[in-house]
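One chain is shown next in structure tokens, namely the form predicted alone.
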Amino acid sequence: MNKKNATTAPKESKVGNDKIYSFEKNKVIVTHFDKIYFPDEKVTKGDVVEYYISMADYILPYLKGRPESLLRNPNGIKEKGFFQKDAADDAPSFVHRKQVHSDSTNKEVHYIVCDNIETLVYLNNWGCIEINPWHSTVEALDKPDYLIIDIDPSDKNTFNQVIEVALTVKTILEKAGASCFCKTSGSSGMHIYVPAEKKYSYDQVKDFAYLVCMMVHDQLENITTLERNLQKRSKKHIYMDYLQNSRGQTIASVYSLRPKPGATVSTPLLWDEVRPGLSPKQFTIYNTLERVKKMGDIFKSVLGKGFDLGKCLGNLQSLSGKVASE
């Protein structure tokens, strides 16, 4: 399995089937260290923990300050997992937390905020194979750091079709004047991110994502849909999910493992790599650290300078006018 980075390597000791990780004064006990999480690959709970420790320097910048919706798979990927949001009450002192009012339940939710490697390992011990942070931080919960378009295929679509949709999204965003970055979902789709830099509300970002998705659908209506309802949605179309851009929504973080066969990882890509023949199954627990050490963190600009919404809307309006007049 992956070797740890020297900057994050903890001291370790084993007691029976448990393992104790010491991060200076803070200790995290990982129970049932040898429990199988991915039966076909023989990947254990301990392997998952070791992966996240090895990747901590790369994944933590995308987790710090963000409330976490915990997807827990304590018995591995063969059993259905479950989400848990209100999870901070009994957490140790090194785990940071944020109380957020839920309008849907009219209750206060005590979220865990993953600000350090100890918390990341603590979440792994709870069965969090996948890590799901908010799109905004506790500094500005109502203003996301990025826009997301989730390209979500049906079982009838090919990954080459996913690639076609992703490249069309990129083309439209570039014409709008917005830089964008992509990653595999770690499953069958792709995620496209546009830096927003906390400049706009979720509704503003969502409306812009909807406009982009509509323009993509106009070009690729034979393979795409914006219909959210599964009963109404064609099983031969790729769903372009712009509704991910809502307060409290989460998606698998960049560099997150997914509880899927193959122990795949949601991995950032260079746009030159997004071409026919690419497969999300290429990126796994076994090779992600090596790839990132070689290429660096090619996703880091997602947390950088945001797009100018007014200019982007003007550019797209101009583009629509040209198309209509032709």
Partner chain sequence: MRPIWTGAIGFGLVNIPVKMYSATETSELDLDMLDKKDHARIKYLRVNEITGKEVPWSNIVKGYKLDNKYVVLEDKDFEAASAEKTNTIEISDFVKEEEVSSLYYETPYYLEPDKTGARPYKLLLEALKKTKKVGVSAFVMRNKEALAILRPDKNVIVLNKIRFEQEIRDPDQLALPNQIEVKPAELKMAVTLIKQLTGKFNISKYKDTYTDELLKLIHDKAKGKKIKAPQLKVVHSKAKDLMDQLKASLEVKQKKAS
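Numbering follows the first chain given and starts at 1. Because the structure is predicted, anything quoted here is derived from the model rather than measured.
The protein also exists as the form predicted together with the partner chain; that form is not presented, and the subsequent description refers to it.
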message: Taking any heavy atom pair closer than or equal to 4.5 Å as contact, tell me whether K235 reaches the partner chain in the predicted bound form.
response: no
message: With the partner left out here, check for me: in the predicted bound form, does some heavy atom of L211 sit within 4.5 Å of the partner chain?
response: yes
- request: Examine G310 and determine whether its closest non-hydrogen atom to the partner chain in the predicted bound form is within 4.5 angstroms.
  value: yes
message: Residue-level question: is D207 within 4.5 Å of the partner chain in the predicted bound form, judged on heavy atoms?
response: yes
- prompt: Considering the partner chain in the predicted bound form, which of E108, E221, E79, E174 comes within 4.5 Å of it through any heavy atom?
  reply: E108
- line: Contact with the partner chain in the predicted bound form, heavy atom within 4.5 Å, among K85, H217, R97, K199 goes to K199
- prompt: Pick from 199-207, 128-136, 111-119, 162-170: which stretch has non-hydrogen atoms within 4.5 Å of the partner chain in the predicted bound form?
  reply: 199-207
message: Check for me whether the partner chain, as it appears in the predicted bound form, comes within 4.5 angstroms of all of K11, S188 and K294 - heavy atoms only.
response: no
